[in-house]
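Just the one chain here, the form predicted alone, laid out as structure tokens.
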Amino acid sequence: MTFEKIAIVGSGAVGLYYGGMLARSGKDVHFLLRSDFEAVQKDGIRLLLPDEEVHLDNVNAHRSAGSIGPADLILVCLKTTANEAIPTLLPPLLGDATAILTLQNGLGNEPLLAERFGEERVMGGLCFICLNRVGAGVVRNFFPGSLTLGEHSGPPGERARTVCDLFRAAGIDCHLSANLLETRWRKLVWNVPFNGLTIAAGGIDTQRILSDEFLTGEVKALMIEVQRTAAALGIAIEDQFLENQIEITRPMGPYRPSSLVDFLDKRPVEIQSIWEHPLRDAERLGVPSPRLRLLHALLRALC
């Protein structure tokens, strides 16, 4: 099983970074671009890594999915607020055996793709990484982190292992997950408090959150609510994992999570997939989540 041609749908920070790293490793990567098209076509892609700068010339930049054509692997890196475009964007990229890997935040992404294109095509990935798009075709990596991926239905098999090896060959720390839903809830342990509080607390970065005793307490309380809802779903997240999420955030410095960047740039924020979906699960399962409910309400009011 090989994946020679890769299409990137959603060429923001995540799409440019992972697509750029795969292209640097020699893969045939095609980027579907909107606002950055002219800049990337002219100047390529720049990845500002913690220890080096990568500049990719002669990028396969496209304005439409039709000009890319069928690919072996599609990386869906759209914000979930743009999911309504998926039924239009993906069909021109599909061949008989095309695999779809969503690298989107929150809950509900794999089921949406599976319903539209078939469960057998769909994989999911969780990006434990800190990235910001700082210019047209330019991405800064604050924390390399890791990528965890798995199959939407069933344990990881040959296909998942092959895709994981692609990322590893590109210099990305990639792991396989036997339970993709568990991995998504583990990422929510970080995303729910940090993406949310940086907005609700007045547009501040993670460093300022963790330098404030009250806000750090709110981070921990929100993490516990996520942990308890996951437990009600049969997903055990150990206490030490919560502590580790705080400790790995401190060295990131004044990091602005993606939701805060969207909010400050007056773009739609991924409220449904990151906060609303977990809150609905908590309420359905009878798990008290007063802080998540308040944070969700504040975000709906602010965004």
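Bear in mind the structure is a predicted one, so any value in this text is a computation, not a measurement. One-based numbering along the sequence shown.
As for the form predicted together with another copy of the chain, it is not shown, yet the points below apply to it.
You can rule out all but one of 100-108, 74-82, 158-166, 192-200: in the predicted bound form, only 192-200 has residues with a heavy atom within 4.5 Å of another copy of the chain.
By the criterion of a heavy atom within 4.5 Å, Glu151 is excluded from the residues contacting another copy of the chain in the predicted bound form. Taking the partner from elsewhere, His296 is found to have a heavy atom lying within 4.5 Å of another copy of the chain in the predicted bound form. Put simply, Leu215 is close to another copy of the chain in the predicted bound form: some heavy atom of it is within 4.5 Å. Contact check for Leu302: a non-hydrogen atom falls within 4.5 Å of another copy of the chain in the predicted bound form. Shown here without another copy of the chain, the chain has only Pro290 in 276-290 lying with a heavy atom within 4.5 Å of that partner in the predicted bound form.
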